[in-house]
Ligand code: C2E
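The form predicted on its own is given below as one chain in structure tokens.
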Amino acid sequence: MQHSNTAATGSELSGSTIAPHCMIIEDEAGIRSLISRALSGHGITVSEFGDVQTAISSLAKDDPKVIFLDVSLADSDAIDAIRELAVHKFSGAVQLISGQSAGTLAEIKKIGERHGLRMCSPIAKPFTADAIYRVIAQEESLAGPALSEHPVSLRDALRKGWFELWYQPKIDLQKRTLVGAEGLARVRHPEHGLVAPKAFLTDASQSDLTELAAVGVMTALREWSIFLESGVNLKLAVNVSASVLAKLPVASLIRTYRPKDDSWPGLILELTEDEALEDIDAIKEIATQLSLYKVSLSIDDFGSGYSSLKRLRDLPFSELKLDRCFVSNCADNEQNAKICETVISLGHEFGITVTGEGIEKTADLLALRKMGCDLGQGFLFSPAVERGDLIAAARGRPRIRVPGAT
């Protein structure tokens, strides 16, 4: 008895290796549906099973990161399932769900641990989708590849070719299509694997940060052509601090490395709100020059500083990105909703594209869409992924999800 929810159907955007996978072993269809909807809403693919044996037979094929396991099943129980999972050397996490007493759940959790399984804290029935969201937030295997925090020299990374751009998709919330991506710096160390940005940025010198920005811009320009050769035309963005932008010969870089194809949609450089206002005249001069080459500015983390759109309208920027602290829970939090509505309305009055950052819940996505927000990005759609995965996603393979696409 199996039902597979691929989390990307019809016209939903997708990519072959992006989303993690979960398995549900639960004999009550309503509970399976609740868990499945919560997981799918975060872009996680799901396989549902009503019995242990069918689930175990699909274990190797499905390769789940987390198994949601009911304690009492019609033909079996969680302890039988734990024994089977141990035999098959299951390396993911097991999330118990049950209406049994806390003491019983604690004992079953200990049994799983004695069998060498990684057991999450049990969830007691009845529960809401929020309980599942907490599992998603806490379980690293559901949030993309783990990043090493081992300190790495940025200079070494740049000199030795360890630098990569990973891309987080940007979705047109009204058309429900993939239209762009933000390039994020990553370092792939030969010993420590993929390294978290803070591990190579914290102690970096100003000269190394300037070089990183130059390499990032050049990489985005070069890789746009690779996207196009694969049949994908996306508008890419990269982060550049205002202090670096003032020192970087960015116009010269753009002239030298920009694609010569007429279909190139241009490049976006993202600056944080407070940085953009430090020297408005200097930024305006740079932005005006860059506009000659189809390069525009975006104000990142908008709302986190102390400025207003009235001041920012003096800058020739094309996009502002709503800070994730306002996007989060904007469907339920009245204050956040009002801030989002105000920024979207004012942005549109100035002819500016508004992007919601850090979208993690379908309810917030729907609220932003109703407010008229133009673009969105966040874990609900996909974490940052490698270039090949984004190409696969844009070409229509699972698993970047656009909830509500028809």
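Numbering starts at 1 and follows the sequence shown. What you see is a predicted model, and the numbers here were worked out from it, not measured in a lab.
Just so you know, the form predicted in complex with the ligand exists too; it's not on screen, but the next bit is about it.
Although the partner is absent from the chain shown here, none of Ser318, Ile344 and Gly351 has a heavy atom within 4.5 Å of the ligand in the model of the complex. Only one segment in the set 44-52, 59-67, 28-36, 356-364 has residues whose heavy atoms sit within 4.5 Å of the ligand in the model of the complex; it is 356-364. Residue in contact with the ligand in the model of the complex (any heavy atom within 4.5 Å), chosen from Leu212, Ala157, Leu269, Val94: Leu212. Contact with the ligand in the model of the complex, judged by any heavy atom within 4.5 Å, is made by just one of Ser153, Gln100, Ser76, Asn239: Asn239. Interface residue remark: Cys120 is not counted as part of the site for the ligand in the model of the complex, having no heavy atom within 4.5 Å. Not displayed here, the ligand is approached by Ala185 to within 4.5 Å at the level of heavy atoms in the model of the complex. Shown alone here, Gly376 lies farther than 4.5 Å from the ligand in the model of the complex, counting heavy atoms only. Taking the partner from the other structure, the ligand in the model of the complex has a heavy atom within 4.5 Å of a heavy atom of Leu201. Residues from 320-336 that approach the ligand in the model of the complex with a non-hydrogen atom within 4.5 Å are limited to Arg324.
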